[in-house]
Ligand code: BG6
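Okay, so here's just one chain, in structure tokens, the form predicted alone.
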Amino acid sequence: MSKNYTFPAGFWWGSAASGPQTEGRYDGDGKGDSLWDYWFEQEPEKFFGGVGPERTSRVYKMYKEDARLMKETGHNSFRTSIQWSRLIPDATGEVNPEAVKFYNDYFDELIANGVEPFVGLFHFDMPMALQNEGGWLNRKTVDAYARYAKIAFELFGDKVKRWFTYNEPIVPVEGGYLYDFHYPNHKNMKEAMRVMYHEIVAQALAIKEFHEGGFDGTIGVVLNLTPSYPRDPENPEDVKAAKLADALFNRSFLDPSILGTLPEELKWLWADSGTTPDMLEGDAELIANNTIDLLGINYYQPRRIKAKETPVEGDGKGGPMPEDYFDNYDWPEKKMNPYRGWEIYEKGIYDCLINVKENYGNIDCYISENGMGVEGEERYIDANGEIQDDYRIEFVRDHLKWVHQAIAEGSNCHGYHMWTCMDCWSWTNAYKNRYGFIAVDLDNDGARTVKKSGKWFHQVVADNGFEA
């Protein structure tokens, strides 16, 4: 028997992307280098297919068509980000007038098509001018970020009413300073924890600027929450290990963002590993008094944890690493996306929402990303040139069922955004895995074609739900 899944009135239906993954770079645009521009210039062989950030989805030139296609696929909202290195090319100096014109025109076009812009301020894209001075390792970046945020609020606050400090602030910590998959490719837990702490303080300063400036709307953060499940919920050591992993990878930003405090387990980990970052007088009060209005939840996969069983190896130089405290557990019943190497566990999205409801005051939230990357989607093109991505429809529908369940149980979840609208450049993976409702043909000037999932999504929005 089928069931009707109807969502609340005014639900935010849409998708998400980012500036560095979509805009591209053009002569005369005035953009400065981000760490991605620099890294690609230095080591292009590390980027899939040799495709760098200058060859992203060409939104800088094609935003009018993209806004029209968002309307065609049912979007009433869309999240992207401002590139700090585009708006302020050297990160701390003068504003780039070409960037101001582009973002104003882009946001105007979205609004004219009935698509509300949700706008982030930072999506892994540190301006190279600051990275050369240490990036998030340098306390100077905290103040520079707060200044940049205030400038963005002042320039675009008449159009943008939903702001986000970061997308997935744990990723620069993991990628750049723990696991060597983002520039500057360090593996140093003490540095990673300093980066984490500086991001937390910078966010509080930006929120302070927003609230004290009297800007209209809300300010939030987008966190990639990966629920940490213990191998055996009846085993105290497995449970303890999972709680520690959760404190490091989820609560490190979740707690200060909403509760204004740092998790006790994280402070214990810092002390035990000798990685406690330097804290200035007044930081704790700043964090406590400047919390978010809205939480974006990116959910893709769970984390499965067991008590430490393998030998402690550190980082090869004798220093600590997170895995010195717990091991990852390979759940034998897992279902996988083989292209991305991620577990598909639909109930995890419900667990995220219920956790926020029960432990974080049921703060207003929404699903800000959820999606399925697939390699070689050209295999599924039909005679009419349309990609038949039924697997994506199934993925989104099965997650939405759990979102619906959480709302029925009282979650203040106000929307669902898929990653992403049109296929976009994805860091070192470039266009290896496609995620979009809309296909992008890089060999044909970025030509767009709506996939089957985009047409399905239009109907979902029209019905404010679906039957399954």
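Note that this is a predicted model, so its numbers are computed, not measured. The first residue of the sequence shown is number 1, and the count goes up from there.
From this point on, the text means the form predicted in complex with this ligand, which you will not see here.
Looking at Trp419, you'd find a heavy atom of it within 4.5 angstroms of this ligand in the model of the complex. Among heavy atoms of Gln21, some come within 4.5 Å of this ligand in the model of the complex. Although the partner is absent here, Phe40 lies well away from this ligand in the model of the complex, with no heavy atom inside 4.5 Å. Mapping the unseen interface onto this chain, Trp402 falls outside it, with no heavy atom inside 4.5 Å of this ligand in the model of the complex. Comment: 296-304 is the region of 245-253, 209-217, 296-304, 260-268 lying near this ligand in the model of the complex, near meaning a non-hydrogen atom within 4.5 Å. Proximity to this ligand in the model of the complex, defined as a heavy atom within 4.5 Å, singles out one entry of His123, His198, Arg86, Arg392, which is His123. Contact with this ligand in the model of the complex holds for all three of Asn167, Trp342 and Ser426, each having a heavy atom within 4.5 Å.
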